[in-house]
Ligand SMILES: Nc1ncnc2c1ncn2[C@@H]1O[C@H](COP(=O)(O)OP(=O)(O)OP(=O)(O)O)[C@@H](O)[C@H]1O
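In structure tokens, one chain follows: the form predicted alone.
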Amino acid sequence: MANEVLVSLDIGTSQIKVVIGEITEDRLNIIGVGTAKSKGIKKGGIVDIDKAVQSIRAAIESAERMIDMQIHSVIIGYNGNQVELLPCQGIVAVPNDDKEINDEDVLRVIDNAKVISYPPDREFLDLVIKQFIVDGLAGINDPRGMIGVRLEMEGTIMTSSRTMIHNTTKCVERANLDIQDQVLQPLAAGSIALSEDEKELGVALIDIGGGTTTVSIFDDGQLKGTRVIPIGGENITKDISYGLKTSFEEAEQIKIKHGYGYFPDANEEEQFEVKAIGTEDISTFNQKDLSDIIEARLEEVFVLVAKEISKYGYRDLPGGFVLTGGTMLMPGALELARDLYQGNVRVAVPDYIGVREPQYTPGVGILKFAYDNAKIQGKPLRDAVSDQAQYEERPVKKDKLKQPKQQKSTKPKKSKDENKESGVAKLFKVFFD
């Protein structure tokens, strides 16, 4: 499986991200990236297939131009929305005369573990191996080459909404791409964002994207659960647009240039002008005014994350909190999280040239996790690119598919005189009440 080129597809609410990685001697090197603005996607779900296909093609073509090759297959990452985790176990006898376990035996025990019934609205997404057991000896990562008469495997099967998988598959296929593999995005992000010690002790991975925030709990080295909160960076932009009475586009630019997530450290002397929507009126604001709006929404996100963590029964996470996602580019966001959580908090950034920004954590993680998982399971991954790139517009199929309705989140209100202690008190109430 060496010297292969793999491509990940991260379908986000605000951006479609394509990451191209080359595997050489089990080492991952990033050789290309492509991005495009998301259209037809809300809160992590596809609501318009035609627009989503166009966005996927734009991101793919952007990546193709960077590497001067044509992409023909991708590995898709699914967020934790509507994902369920099911424990599974497989047991097979080793039929070989010499009783040495080989690739075929591993595939058989994995197939045996997959034989479980799903509800009609669920579909198989991925399988993650926890351990192999050979003749009662547990804790084995790779049993190939060992001698035994009975091979067991314990793992976790991930299922997702049939509608979500079908819609995503339809978009990718209509963009003239093959699906090489599909993985659970929180697991993939955790493969590069979290250390083994953090996973063993207990840690929360918080991915704050454009339209959603995904919180995932890892403990004893395993993913214990993942949930999606329908709030993200776009909600901050909408709040700025409403508060400063300006357009969404200008609010986004103001957030990027002047935004600060922690009110006490915001610079009152940093001022900027804002054009009121529908008029020629110009108003002047400072970073302190802007931070008051941003902090309110970020604080809400962190409090909702704490509530989701408490639902899993965790009152303390020795591994702390690891933040990632595009919204964590916001200066001051880390300081606010540290003030609220009063524990170990850090931002995870991929340690690869060209993608050292938190929004690329899922895309890079998809490549690493898919490769490692395929290697354990013995399933081959083929090259996802060919030598000659084709940049002309590619035909897509025209068909209709009924889309599920998406729920919209409501905006919280925060008074200007609300101090930081109230946020901390509220957060601890969530954890310990």
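Heads up: residue numbers just count along the shown sequence, starting at 1. Source: prediction; values computed, not measured.
Omitted from view is the form predicted in complex with the ligand, to which the following refers.
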Original post:
With the cut-off set at 4.5 Å between non-hydrogen atoms, does Gly21 touch the ligand in the predicted bound form?
Top reply: no
Original post:
Any chance Gly44 has a heavy atom within 4.5 Å of the ligand in the predicted bound form?
Top reply: yes
Original post:
Quick one: does Val347 come within 4.5 Å of the ligand in the predicted bound form, counting heavy atoms only?
Top reply: no
**OP:** Please check if Arg122 has a heavy atom lying within 4.5 Å of any heavy atom of the ligand in the predicted bound form.
**Re:** no
Original post:
Within 4.5 Å of the ligand in the predicted bound form, heavy atoms considered, which of Gly319, Gly90, Gly332, Gly210?
Top reply: Gly210
**OP:** Go through 145 to 153, 267 to 275, 69 to 77, 211 to 219 and give me the stretch that gets within 4.5 Å of the ligand in the predicted bound form, heavy atoms only.
**Re:** 211 to 219
Original post:
Since the partner is left out here, which residues of 337 to 361 would have a heavy atom within 4.5 Å of the ligand in the predicted bound form?
Top reply: Gln359
